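In the block that follows, a single chain appears as structure tokens, in the form predicted alone.
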Amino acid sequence: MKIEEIKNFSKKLKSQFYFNYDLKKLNWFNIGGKTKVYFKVESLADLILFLKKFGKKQKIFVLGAGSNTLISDKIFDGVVIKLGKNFSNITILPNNIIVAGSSCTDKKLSDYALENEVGGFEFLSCIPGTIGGGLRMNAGCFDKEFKDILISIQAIDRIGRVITIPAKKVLFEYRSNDLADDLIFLSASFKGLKKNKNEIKKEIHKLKNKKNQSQPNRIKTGGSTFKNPINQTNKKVWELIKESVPLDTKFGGAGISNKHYNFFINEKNASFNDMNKLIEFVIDNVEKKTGVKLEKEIKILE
């Protein structure tokens, strides 16, 4: 990587570049090393200029809320892009359509829909990520997914071209889609329905209670570690883990939550290797015991 080239280029933009930047505090696990370049993007114009010059040359990872990301302790030999506050705007259009920037949090969008009496966004109040991350993995909970409310996505490719993708052109599946990995999402349009504010509040309250009863909170975790293996068994991941792995298994500071077995926790200064060993240990043991090969839901940056 030609750091000097990026340093010289950075002087032309208003957006901030940081070098040899620590990523540990930028993810919920509180695990990870540094990246050679951290690009905090404040405008679409800056992002276009950067991608036109470096989009095909550099390894790029887009970091959202870091709620579903495990980061290696090694130095990432590439550019970590973080979209700034100008990519978190929300606008309401006629017919209960809401447009949200990809760095907007799911909760912020849910709250906005509530204030504007638009239903259908309640489930987002329980997903601790950003719109961009939710689009990337078709995030969801309580039988609702991003695809259920999505109209279209605005994205940018690695040569700086901005494109709009209608939802009907995307093949969405459970926690996945067929969109190119190298697209960076900019914003998305969603369709809701007119709904009484009190009804929306009740639904959000009900979902949050359900979540708090079954999932750990206020701890260092990356959310659901594995996807539910819907095509291999009727059992949920947590059930497979419960019957395959000693639940007090630990690698260094990495352990399994006793509230939800698909949530792994950084109990005390776990390293990337600690957490990765725990993940691989669970994959191996579940496969040996049940024949089911688990697939990771968390994203790993190495």
Ligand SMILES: Cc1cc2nc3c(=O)[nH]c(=O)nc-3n(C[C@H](O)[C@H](O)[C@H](O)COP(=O)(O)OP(=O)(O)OC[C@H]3O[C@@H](n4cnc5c(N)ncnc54)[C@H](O)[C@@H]3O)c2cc1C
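It should be emphasised that the depicted structure is a prediction, and the values quoted were computed from it without experimental measurement. Throughout, we count residues from 1 along the sequence that is shown.
The same protein also exists as the form predicted together with the named molecule; that form is not shown, yet it is the one meant from here on.
*Asks:* Any chance 102, 215 and 297 all have a heavy atom within 4.5 Å of the named molecule in the predicted complex?
*Replies:* Every residue of the candidate spot has a heavy atom within 4.5 Å of the named molecule in the predicted complex.
*Asks:* Just one of 191-199, 88-96, 176-184, 114-122 has heavy atoms within 4.5 Å of the named molecule in the predicted complex; which?
*Replies:* Result of the contact check: 176-184.
*Asks:* Would residue 127 show up as a contact with the named molecule in the predicted complex if we use heavy atoms at 4.5 Å?
*Replies:* Yes, residue 127 is a contact residue.
*Asks:* Give a yes or no for residue 58: in the predicted complex, does one of its heavy atoms lie within 4.5 Å of a heavy atom belonging to the named molecule?
*Replies:* Output for residue 58 is no: heavy atoms all beyond 4.5 Å of the named molecule.
*Asks:* Could you tell me if residue 265 has a non-hydrogen atom within 4.5 Å of the named molecule in the predicted complex?
*Replies:* Flag for residue 265 set to no.
*Asks:* Is residue 141 close enough to the named molecule in the predicted complex to count, meaning some heavy atom within 4.5 Å?
*Replies:* Output for residue 141 is yes: heavy atoms within 4.5 Å of the named molecule.
*Asks:* Could you tell me which one of 227, 147, 108, 211 places a heavy atom within 4.5 Å of the named molecule in the predicted complex?
*Replies:* Looking at 227, 147, 108, 211 one by one, just 211 meets the 4.5 Å heavy-atom criterion.
*Asks:* Which pick from 165, 207, 137, 79 sits with a heavy atom within 4.5 Å of the named molecule in the predicted complex?
*Replies:* Only one listed residue qualifies here, and that residue is 137.
*Asks:* Let me know which residues along 44-70 have a heavy atom within 4.5 Å of the named molecule in the predicted complex, or say none if there are none.
*Replies:* Stretch hits, in order: 61, 62, 63, 64, 65, 66, 67, 68, 69.
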